[in-house]
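Shown below, as structure tokens, is a lone chain in the form predicted alone; questions about how it binds or moves come after it.
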Amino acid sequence: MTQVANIETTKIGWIGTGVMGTGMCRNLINAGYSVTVFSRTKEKSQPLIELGAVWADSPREVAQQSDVIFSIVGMPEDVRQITLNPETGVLAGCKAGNIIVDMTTSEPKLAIEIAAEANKREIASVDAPVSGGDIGASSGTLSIMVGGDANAVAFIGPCLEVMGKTIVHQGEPGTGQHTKMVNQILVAAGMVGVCESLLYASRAGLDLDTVLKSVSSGAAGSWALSNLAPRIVEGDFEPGFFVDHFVKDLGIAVAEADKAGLELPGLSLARDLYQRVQADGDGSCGTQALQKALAKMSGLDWPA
């Protein structure tokens, strides 16, 4: 029988305490796991430290104190730095038998590279990006897309079940990241539809809350429509997922599509539209801030 993580004996490391990471790590602590934590800004980890997490001064120190090391940071270059840096990185602090789990949305080729480097040291590497935003991170209902060694994936299963509701092992290293690209292509198209539909409804003089009651449960229903459209109506553009990070994701998806010889005009359009959001100074807003950019293109303000 494959061994699995145990609350009593498995020591968890956690790197990255942003909008997503804080909620995910909190759920592990509340489940009873012993956690060592690191983030670039210690203050962001303070709520977790107050719950019992132990602070470490570097990713390497996190690894030295842990059996399984999770990370969720911003950009692929951040993943490379925290994992592969020969002085302060996670691999520098790992011992044979450790498992590293990167939950950042990153490049499939980087996940494959990290897995190869880890394998040389008898360390298992798993790529496990997530979907569900800040709501899913806090409530433990994320969708987790997993790539990597089957035994390692099975071992961390109990941890993933604390953080997510839908957990699917896609295959070898990098497949979790490729699946997340599929997710982001779907999200991008969906967000354009949500924002354009609300813009249309507003111009038609409809009551937006009433409109949402009609369309959210029909064929047009989606996670974005149920969770982000109400925020748009209220003019709430606080981040559940940063525009800057979404543009990064869409850039990876475009690059992977180009590499595969695919023409994906909808994806390219969404990437271009979100770059407009960045150009308007809203990169630190949530993805629903696309509404403001689309309104501006029609010479309107949002909220009206």
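Every value quoted in this text rests on a predicted model; they were computed, and no experiment measured them. For every residue, the number given is its place in the sequence shown, counted from 1. The term rigid core refers to the maximal set of C-alpha atoms that superpose within 1.5 Å between the two forms.
Below: the form predicted together with another copy of the chain, not depicted.
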_Among the candidate stretches 89-97, 208-216, 150-158, 70-78, which one is within 4.5 Å of another copy of the chain in the predicted bound form when only heavy atoms are counted?_
208-216
_Complete contact of Lys11, Ser45 and Leu84 with another copy of the chain in the predicted bound form (any heavy atom, 4.5 Å)_ = no
*Would Arg203 count as touching another copy of the chain in the predicted bound form under a 4.5 Å heavy atom rule?*
yes
*Does any heavy atom of His169 come within 4.5 Å of a heavy atom of another copy of the chain in the predicted bound form?*
yes
*Do Ile49 and another copy of the chain share at least one heavy atom pair within 4.5 Å in the predicted bound form?*
no
*Does the 4.5 Å heavy atom contact test between Ala304 and another copy of the chain in the predicted bound form come out positive?*
no
_Partner-contacting position among Leu267, Val277, Val247, Ala53 - heavy atom within 4.5 Å of another copy of the chain in the predicted bound form_ = Leu267
*Could you list which residues of 174-213 come within 4.5 Å of another copy of the chain in the predicted bound form, counting heavy atoms only?*
Thr175, His178, Thr179, Met181, Val182, Asn183, Ile185, Leu186, Val187, Ala189, Val192, Gly193, Val194, Glu196, Ser197, Leu199, Tyr200, Ala201, Arg203, Ala204, Leu206, Asp207, Thr210, Val211, Lys213
*Using a superposition on the rigid core, decide whether the Cα position of Ile99 changes by 2 angstroms or more between this form and the one not shown.*
no
_Rigid core superposed: Ser216 CA moves 2 Å or more between this form and the one not shown_ = yes
*asked:* Aligned on the rigid core, do the two forms place the Cα of Ile232 2 Å or more apart, comparing between this form and the one not shown?
replied: yes
